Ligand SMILES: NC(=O)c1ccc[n+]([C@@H]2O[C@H](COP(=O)([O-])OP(=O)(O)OC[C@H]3O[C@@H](n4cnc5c(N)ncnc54)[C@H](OP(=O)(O)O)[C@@H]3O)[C@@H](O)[C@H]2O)c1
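Heads up, the chain below is alone and in the form predicted alone; it's given as structure tokens.
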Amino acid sequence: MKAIVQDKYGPPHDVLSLREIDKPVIKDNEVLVRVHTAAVHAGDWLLMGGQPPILRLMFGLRKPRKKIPGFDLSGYVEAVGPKVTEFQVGDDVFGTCKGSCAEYVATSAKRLAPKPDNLTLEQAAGIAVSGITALRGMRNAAKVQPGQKVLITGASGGVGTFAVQIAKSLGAEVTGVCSTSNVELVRSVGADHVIDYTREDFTEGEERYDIVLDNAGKHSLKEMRRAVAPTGRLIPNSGTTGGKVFGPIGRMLRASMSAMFVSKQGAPFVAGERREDMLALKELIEAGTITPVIGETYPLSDTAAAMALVASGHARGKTLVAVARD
């Protein structure tokens, strides 16, 4: 089978190559999926580059243990292990795996869910990681209530577009923060108000919000908390600062420490890959409450370009990799 393979850390066009490798063999509780579409996001880019360096303690000191990039996928069930009862050969599924930029993947049945009936397989590839992150950020970490004012930075990205829609479904008044070119996109997914960060700095304004979900990390935590109401909370989910060694992880560590002493500071949350969350997203999608926002789609052979777009910080919605050749 064809797959994108990485043998060393570095920039996408230097380390990613299309190769022919063996098809994976499934275990008793696994599903073999013929991948239709994969999606890439910031986490894939960080792991590809081995940055920040502290990540290499977990994912390989000198070279990545995870050879194939990508976590999100959609596709067809090709085979199931003897202990799998949830799926049958031919089912359309979406979910996560360890290396989705390949023609076939073996993954646990617990990491998959049936494709929403009202989505194409291409659209479904953009659900899992970003959708679960937004769901757990808004529903679990922030516990958004009807009538609350919610501000979401990075509102035009993969997590941001889901978060806007989920916050609206929970009854919030939502403000999205994005660049000029994405203002209409953020409005189109349901934001009540949109702030163009190239023209206005929301941390210096007078408006205060009950919940601030930070997907961008462009301001310090202290600056972000200026926009939080006295009884509100800042929920961090990303960052570009933190130093050369810790990178965004440094920001998360500072947020965790601050959360113990500063009332406005919420602790970082762990999204995880729970099947019940994927099923909850499926239900919301089929009800017409939310839908994935798809940006650029690249062929498998051009996965490096997809990664470069994500690395630029200017990707709109989900960036996809078309794997199937049908």
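Start at 1 with the first residue shown and count on from there. Quantities reported herein were computed from a predicted structural model and do not represent experimental measurements.
Here the subject shifts to the form predicted together with the ligand, a form of this protein not shown in this document.
A.B. asks: 113, 234, 150, 129: which sits within 4.5 Å of the ligand in the predicted bound form by any heavy atom?
C.D. replies: The residue in contact is 129.
A.B. asks: Of the options 178, 166, 102, 124, which one has a non-hydrogen atom that comes within 4.5 Å of the ligand in the predicted bound form?
C.D. replies: Partner contact (heavy atom, 4.5 Å) among the options: 178.
A.B. asks: Which one, 25-33, 291-299, 266-274, 50-58, holds residues whose non-hydrogen atoms are within 4.5 Å of the ligand in the predicted bound form?
C.D. replies: Of the stretches listed, the one contacting the partner is 266-274.
A.B. asks: Is it the case that 154, 160 and 315 all touch the ligand in the predicted bound form, with a non-hydrogen atom of each within 4.5 angstroms?
C.D. replies: Answer is yes for this spot.
A.B. asks: Using the partner position in the predicted bound form, report whether residue 216 sits within 4.5 Å of the ligand, counting heavy atoms only.
C.D. replies: Yes, contact at 4.5 Å.
A.B. asks: Is there any non-hydrogen atom of residue 107 lying within 4.5 Å of the ligand in the predicted bound form?
C.D. replies: Result no; residue 107 lies far from the ligand in the predicted bound form.
A.B. asks: Taking the ligand as it sits in the predicted bound form, is residue 182 in contact with it (heavy atom to heavy atom, 4.5 Å or less)?
C.D. replies: Flag for residue 182 set to yes.
A.B. asks: Contact between residue 41 and the ligand in the predicted bound form at 4.5 Å, heavy atoms?
C.D. replies: So residue 41 counts as contacting the ligand.
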